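The form predicted on its own is given below as one chain in structure tokens.
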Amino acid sequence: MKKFLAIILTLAMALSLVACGGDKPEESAKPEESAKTEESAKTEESSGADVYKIGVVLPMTGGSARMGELQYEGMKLFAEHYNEAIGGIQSLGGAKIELVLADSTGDPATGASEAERLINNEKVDALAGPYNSSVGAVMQPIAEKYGVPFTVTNCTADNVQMTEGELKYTFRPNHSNSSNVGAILDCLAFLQEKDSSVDLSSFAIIYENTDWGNSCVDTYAAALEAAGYEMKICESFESGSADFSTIVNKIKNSGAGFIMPCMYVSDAVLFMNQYTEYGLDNALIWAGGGILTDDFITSVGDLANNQITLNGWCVDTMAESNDPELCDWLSERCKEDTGSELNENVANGWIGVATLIQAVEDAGTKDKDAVAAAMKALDLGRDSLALLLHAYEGIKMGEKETWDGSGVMQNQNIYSAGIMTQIVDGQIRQIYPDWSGNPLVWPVA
């Protein structure tokens, strides 16, 4: 009996060892299988599953929200086109562009905080934005501190690209305020020649108290005075103003020949209505801003007709485009997504991200220093995808003096320049530098 029990126990132990695997050694992977696994990991790492993350800081709420929405539309459409039609960033094995959006609210402190969060928490490879010059001015030192490539979209105030030290990571493909001076002065000279009965010898400037507004005064008002125009009034206001009546009455009594408003859309709508309500007949030469959106045109109706403004882009530019079909797709998608025609904000979103991605393609790496060096070395011609929506001669980053020679902007597209446009039947049409394509209505009825 004991012998029988011993046999039973021995069998049970043996079965237990088999069930648990016992001390049987595990099978080693075959050398060729290990090599395949390693190669597969490498392929996956460099495949289209990889991404290039761009932290986008734009005003998605607040007074500049509409411009932020439109600028983001330009960035999104470029990323979609590049990811799907081109197949992603070719020099990175087809890595896809990923936009990580943060809301600046148009506030410098919020924009700075969001930029740091994107860098430290989201681990973005680059930054883009932020529309408002005041936000761009505080993001610039953050990009330089962390060594992150930063493509400035819009933010036309000269000081965004100015610093005492060397700018290594901050670049602006679109125009600056100083780039616009020539367009304004040439336009005024042309208008005066067109009809000398309209007095354009003096002006009033009304501007929002922000970096952009102050830069308009520092650049445009100073340039006009230097050219011999007399400044009658220079009035600032806080963005989101509830009433312009006091300023309007001052302008009415000043005898100014023309008015240059520097304001965003909600303020522009209110000012235009009160300008009409108080019976002003001074010519209006706008400094861009809110008048460039469809919202202004639909809000003020017929009052928008024939208004003349500084601009960074116009639909007429697409007549010179190297890819009309792509332009048509962009136009349709923009209207479908935002309810708006293409405008300067969309175009500047496009050129900003497109310029950055071209630098990444040239660098062939996500290394931030290499991408920044590639941005500095860019020399793109008219056939560049980045210039699909702009009529610039090219994109080349370099030093560019301010209009009065008092300072130097670094990493500014040396070919960037403003144009002058007029609202005709609800469409923004170019009148400078090429006047021949569109009939100019002057004086404005």
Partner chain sequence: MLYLQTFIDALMIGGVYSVIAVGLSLIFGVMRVINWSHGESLMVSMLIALYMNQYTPLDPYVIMLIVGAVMFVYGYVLQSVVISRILSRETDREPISCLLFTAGLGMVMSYSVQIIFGSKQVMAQTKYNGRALHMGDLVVSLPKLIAFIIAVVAVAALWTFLQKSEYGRAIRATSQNRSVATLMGISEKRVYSVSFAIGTMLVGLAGGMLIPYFSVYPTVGSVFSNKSFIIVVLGGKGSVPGALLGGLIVGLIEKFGALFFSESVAQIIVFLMFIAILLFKPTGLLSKDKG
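Computed from a predicted structure; not experimentally measured. Numbering follows the first chain given and starts at 1.
What comes next is about the form predicted together with its partner chain, which does not appear here.
Taking a 4.5 Å heavy atom cutoff to its partner chain in the model of the complex, the contact residue among Glu230, Glu84, Glu238, Asp199 is Glu238. Proximity to its partner chain in the model of the complex, defined as a heavy atom within 4.5 Å, holds among Val269, Ile184, Ala359, Ile89 only for Val269. The stretch from 90-98, 273-281, 221-229, 346-354 that comes within 4.5 Å of its partner chain in the model of the complex, counting heavy atoms only, is 273-281.
By the criterion of a heavy atom within 4.5 Å, Ala65 is counted among the residues contacting its partner chain in the model of the complex. Taking non-hydrogen atoms only, Arg333 never approaches its partner chain to within 4.5 angstroms in the model of the complex. Although the partner is absent from this view, Ser245 contacts its partner chain in the model of the complex, with a non-hydrogen atom inside 4.5 angstroms. By the criterion of a heavy atom within 4.5 Å, Ser299 is counted among the residues contacting its partner chain in the model of the complex. Taking a 4.5 Å heavy atom cutoff to its partner chain in the model of the complex, the contacting residues in 246-266 are Thr246, Ile247, Asn249, Lys250, Lys252, Asn253, Val265, Ser266.
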